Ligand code: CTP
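What follows is a single chain, given as C-alpha cells, in the form predicted on its own.
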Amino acid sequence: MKNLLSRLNQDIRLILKDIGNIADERGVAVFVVGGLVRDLILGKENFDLDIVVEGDAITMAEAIAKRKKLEWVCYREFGTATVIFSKGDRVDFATARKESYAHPGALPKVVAGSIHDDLFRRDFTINALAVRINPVRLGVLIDDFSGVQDLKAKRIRIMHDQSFIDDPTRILRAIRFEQRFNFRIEKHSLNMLNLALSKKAFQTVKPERIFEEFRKMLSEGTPQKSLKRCDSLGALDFLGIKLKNLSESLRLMEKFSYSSRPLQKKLFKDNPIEAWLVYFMILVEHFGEKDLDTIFKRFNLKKIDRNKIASSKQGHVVLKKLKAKRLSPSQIYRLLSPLSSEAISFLRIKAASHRILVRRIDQFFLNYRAVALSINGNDLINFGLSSGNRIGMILAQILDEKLDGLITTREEEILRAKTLAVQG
C-alpha cells in the first residue's frame, strides 16, 4: 500500500501535494478518504477528491484557494468547502467529525472529531479508509476497521449493528456496492439488514432521501442486478406500490445495459441521456396514471423528470404510428420530437426486434433532430404577419418541407415563407 498515491494521475498528485504542503504550514493533518482510496486499492478509476481535515476545513480550503488564486465555495453550516482547481477538478474539504443520531432515520448531529471518528461514521468498512497526504507521512494508509481485508475478501460489512437503523438508505447502498463490485454482504451485516427491513426502517427516513439513493442505484451500469437482489430481500417496499411484471422489466433493463454504451457513442455523443431515467421508465411501464402520480408526489420528483417519465407513457401510441408503411422524415420528426431523448431511448428498447422502427428512431437522432430553419418569427413579421399562431404554423410547415428535402437553402425558406404569408 506504500505506493498507493502513485497510482493517481499526475494532475491529481500535484493537487494533493499542494494541499499537503499548505496543511503542514498550518500544522494540521489532512487525508484523502473514502471511495477514491477504496477504488485505488481495487485498481479502478475514481476522480472524486474528498479531503478530511483534522481541524477547520473551511479555513484550510480558503488558504488553498487564496494561495493558488482559485475559486472556492463555503458551506459553513456543514463545516465543508469546495475548491475548484485550474483544470476543473473539484476538491471537497470537510472537518473530521463524529456523529450521533437523535432517532432512527434522522439526519446526524455532528461535532468535530479525529480521523478515526470520521471513518467510524462511514457506511461500510470498505469506505472507511484514508491516506495521509501531509509530506512527512505522505501515503500512510489509515485502516482502523479492516477495510482492506474486507476488500480482499470481497465483502460488504457495516461499521456497527445500528448502521441500517440509523440510516436506512444504507440498505440500498449496500446492495448497490455489492452488485457493482461483485461482492457479497457478509452474514452478520445481512442479518442486520433484514432486521432493519422487518422493523420497517424505510418509514423513518424522508422519501426524497431514499429516492436519491435509488436514483444512484439506477445510474449504475447494470442496475437490474441490484433490483433483482432488492426484490429477493424485500427491499423495494419503500416504493409504496407493488411492481408489476418485474421479470419483464429486468429483461428490458438488461437489453438497455447491453446497448447503452454503443448507443451513447452512436446517437447521443453530443447530448448524453440520463440512463437512470430510462431504467425508471422501464420499471414503471405498467403503472397506471394514479400509481405514477403517487410515485411522483411521494418522492417529490423534479418537474422535468416527471414530464420525461410521463412522456414515455405515450410510447405504445407512438410506436403504433411509427409502424406505418410509408412515413416521410417530417412525419417521423413530428411523432418523436415531442418526446425526451430518454423516452425515445425507452421506445427503441421496446422496439428492438422491429428493424424498421429502430431504423426510423436512429434516423431521427442522426439526421432529423438537428435540422433547423435559418429564418424565424421576426422574418415573418417583417413580411407583414402579426398572428403568433399563424407564424408558428408557417414555420412548422417550412420545417417539414426542409426535412423532406423540398427546401434546402435560406433563400428558398424566405421565398416559401413569403408565399405562405400572402396565401393567408
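The first residue of the shown sequence is 1; numbering continues from there. Keep in mind that what you see is a predicted model, and the values were worked out from it rather than measured.
Here the subject shifts to the form predicted in complex with the named molecule, a form of this protein not shown in this document.
Only one of K225, K308, R132, R122 lies close to the named molecule in the predicted bound form, with a heavy atom inside 4.5 Å, and it is R122. When you look in the predicted bound form, the only residue of T80, S330, T169, Q179 with a non-hydrogen atom within 4.5 Å of the named molecule is T169.
Across the proposed site, D11, G20 and K87 without exception lack any heavy atom within 4.5 Å of the named molecule in the predicted bound form. Interface residue remark: Q363 is not counted as part of the site for the named molecule in the predicted bound form, having no heavy atom within 4.5 Å. The closest non-hydrogen atom of G55 lies beyond 4.5 Å of the named molecule in the predicted bound form. In the predicted bound form, the named molecule lies farther than 4.5 Å from every heavy atom of S374. Mapping the unseen interface onto this chain, N127 counts among the residues with a heavy atom inside 4.5 Å of the named molecule in the predicted bound form.
Shown alone, this chain has one stretch from 376-384, 352-360, 35-43, 61-69 that lies within 4.5 Å of the named molecule in the predicted bound form by heavy atoms: 35-43.
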